[in-house]
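A single chain comes next, written as structure tokens; it is the form predicted on its own.
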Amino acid sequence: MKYGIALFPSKQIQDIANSYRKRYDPHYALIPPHVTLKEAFEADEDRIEEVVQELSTVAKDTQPFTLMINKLSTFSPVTNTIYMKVEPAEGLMELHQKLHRSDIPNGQTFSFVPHITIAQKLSDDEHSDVYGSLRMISHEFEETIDRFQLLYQLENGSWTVYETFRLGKG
């Protein structure tokens, strides 16, 4: 089965992201707005129980941290993806490093750029138009993140939470 690790921002941020995603992101129905902490990896039932134990340890040893979003950005020209740029704050980067140093299967293919996707798979013209208009709007948020989620992928391609891990909780 395919698994991934992500954190979900507050409903306020998700609602704003979804207001764009429902128009500009073909993955809108597959997963709520999120920050990917570890890309998808394969694991069987026995292995995932070991992963859950490892994630519990990582969560216990990581304190809640502040998530800051200050603007929109894009991965263009690599891909026509537009996203809410999450500042690489110390707590977030520390959590990401722990998840990649640990014994959890690694599927990392890109360097870690913390973000919440709001548009993807756009044509060049669409990307230019959408990014040009959206970047004029203020997108500033700050909130405390106190948990992350292990997700699994269903047969229809959608993702659902397998388990939630609270930070700093022994």
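All values reported here derive from a predicted model rather than from experimental measurement. Residue indices: 1-based, along the sequence shown.
Although not depicted, the form predicted in complex with another copy of the chain is the subject of the following passage.
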Test of understanding: in the predicted complex, would residue 49 fall inside 4.5 Å of another copy of the chain by heavy atoms? yes
Quick one: does residue 28 come within 4.5 Å of another copy of the chain in the predicted complex, counting heavy atoms only? yes
Even though another copy of the chain is not shown here, does residue 23 get within 4.5 Å of it in the predicted complex, heavy atoms only? no
Please determine whether residue 105 contacts another copy of the chain in the predicted complex, using a 4.5 Å cut-off between heavy atoms. no
If contact means a heavy atom within 4.5 Å, which one of 31-39, 121-129, 58-66, 134-142 is the stretch that engages another copy of the chain in the predicted complex? 31-39
Contacts with another copy of the chain in the predicted complex, stretch 1-35 (heavy atom within 4.5 Å): 1, 8, 9, 11, 14, 15, 18, 28, 29, 32, 33
